[in-house]
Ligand SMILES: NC(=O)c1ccc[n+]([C@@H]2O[C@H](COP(=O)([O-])OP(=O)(O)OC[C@H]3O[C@@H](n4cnc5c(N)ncnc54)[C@H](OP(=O)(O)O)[C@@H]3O)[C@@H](O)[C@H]2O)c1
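Before any questions on how it binds or moves, here is one chain, the form predicted on its own, in structure tokens.
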């Protein structure tokens, strides 16, 4: 619920580039003021902030490592202190790294859990409890189709993103009816740097639509989940039909 005369407020984690930037710009164009979180990449966050301002948003920047619970809570405190309200949280922070089963290490596993699961869990829990007490709110987390159909060679990443799905479904129950919690599961959209071209093409060909998606496709899905107040606890694939196209090596 938005107070009369006040713009809604959205916080986006890792909002400086790639899919995060598209989400921030889409929210700004939809009429939200935006809090942009970043961990290290200040120049990219400044670029995104300027795009959001041009779209009419008031923009606030916040730096922190959200895999640390206290820093996730500090982000929530920053939003509340400035705007006295929180309408939307988009938990977008994450990282992608291959972990073949024969070359698995504690270090990589912990890094994938921290960057993908804990960075979503701590911020979603902190914002969610505050939203519940506020009486309303929407949380959207970025999962991955790999959480539903695991990628071969990415054991730690798959486990971490499956944890995000479990988190979303659990928080949807815990925070209802005041707060809605959903996830978007992107498919072949913006491959990670260094991802081999032949593998990119292979993944594209495995979609039903036979083409890669764009960050804007994810941003539109996030907006849908923010706007539709009768949807909670869902994981929405934005994957060109990849999940229906057969296993083929996943």
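As the structure is a prediction and not an experimental result, all values here were calculated from the model. Positions refer to the first chain, counted from 1.
Heads up, the form predicted in complex with the ligand isn't pictured, but that's what we're talking about next.
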Evaluate residue 89 for contact with the ligand in the model of the complex, applying a 4.5 angstroms cut-off between non-hydrogen atoms, and reply yes or no. no
Exercise: residue 57 in contact with the ligand in the model of the complex, heavy atom 4.5 Å: no
Is residue 143 a contact residue for the ligand in the model of the complex, using a 4.5 Å heavy atom cut-off? yes
Under a 4.5 Å heavy atom criterion, is residue 51 part of the interface with the ligand in the model of the complex? no
Note: exactly one of 61, 204, 30, 189 sits with a heavy atom within 4.5 Å of the ligand in the model of the complex, namely 189
Answer with one of 25, 226, 9, 14: the residue that has a non-hydrogen atom within 4.5 Å of the ligand in the model of the complex. 14
Please name which of the stretches 101-109, 76-84, 126-134, 155-163 has residues with heavy atoms lying within 4.5 Å of the ligand in the model of the complex. 155-163
Would you mind checking 64-81 for residues with a heavy atom within 4.5 Å of the ligand in the model of the complex? 64, 65, 66, 67
